[in-house]
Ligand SMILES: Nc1ncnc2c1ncn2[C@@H]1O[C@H](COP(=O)(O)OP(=O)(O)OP(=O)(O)O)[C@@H](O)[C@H]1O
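Read the single chain below, which is given as structure tokens and is the form predicted alone.
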């Protein structure tokens, strides 16, 4: 994995225990992100993307628990911090933007109150200084008339405006890492493009790393420097975005790319047959085997681990990086 990284995750595993058994939502995930770069994490719904990002910042509660792993940021393992210590890190060092801003913003507090309270709760500044910075943040994320917006409640704003407020709130303390979990899924294409452009501009301005969780390969192609492809709680392919899009090594990655329409493309779209496995009882061999048209008997022996292919590429496939 990349060296000189601002965020390094090693062998992260998160489980949920219920009456039906143990769900291995995240199963031995390893990745790293450099300052100023974007890692796109892709995969079907239920593959563990969102649980992984919540695990990074200590937001997994019962019946979930992190059973193994390390999350290194600024020389400290976040998984070893107390709840009080991780609260200090969350927002200041590593921040999150979620998919639905209307469920993340408090409906009974004005935008201005929520922004200023975020700043005051983490830094020793006056309310006047916090308000000045809040106004600056709203302008920075491209919102018009910040003075008026400070007095508005979330329900008085559009979805795109609320998402920009959430991004402004996440950036209010200039974190080193921003985790964006499906930040534009509920927005129309025009607003989505505007928000992604704002994220790229702010990333360049602040030099922060971004972990972008999404199922939209078009967004990944436009935003990501590197890509991690997740399947059944594990990363099955990892490496530079341009190389993975040009020459995917894992059968699942190739299937994902074949299922996405391309402008001017002549290839017929091909859906991925079957369903992802239940995470309650994962097999000891390759989880993608029942859906893989290239699978052989060697795929039933062991669960493949990520293997280096060179040029920063890693693939977890018994077929040696695909056929």
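Here the structure is a predicted model, which is why all the values come from computation and not from measurement. Numbering follows the first chain given and starts at 1.
Below, we refer to the form predicted together with this ligand, which is not included among the displayed structures.
Would you kindly say which of 50, 27, 38, 30 lies with a heavy atom within 4.5 Å of this ligand in the model of the complex? It is 50.
With this ligand left out of view, which of 132, 201, 215, 92 would have a heavy atom within 4.5 Å of it in the model of the complex? It is 215 that has a heavy atom within 4.5 Å of the partner.
On the criterion of a non-hydrogen atom at 4.5 angstroms or closer, are 110, 137 and 153 all touching this ligand in the model of the complex? No, none of the three is in contact.
Which of these stretches, 30-38, 66-74, 50-58, 268-276, has heavy atoms within 4.5 Å of this ligand in the model of the complex? Going by heavy atoms within 4.5 Å, the stretch is 50-58.
Can any non-hydrogen atom of residue 182 be found within 4.5 angstroms of this ligand in the model of the complex? Flag for residue 182 set to yes.
In the model of the complex, is there a heavy atom of this ligand that lies within 4.5 Å of any heavy atom of residue 12, even though the partner is absent here? Flag for residue 12 set to no.
May I ask you to state whether residue 23 is within 4.5 Å of this ligand in the model of the complex, using heavy atom distances? Residue 23: contacts this ligand in the model of the complex.
Taking heavy atoms and a 4.5 Å limit, what residues of 27-47 are near this ligand in the model of the complex? In sequence order, 44, 45, 46, 47 come within 4.5 Å of the partner.
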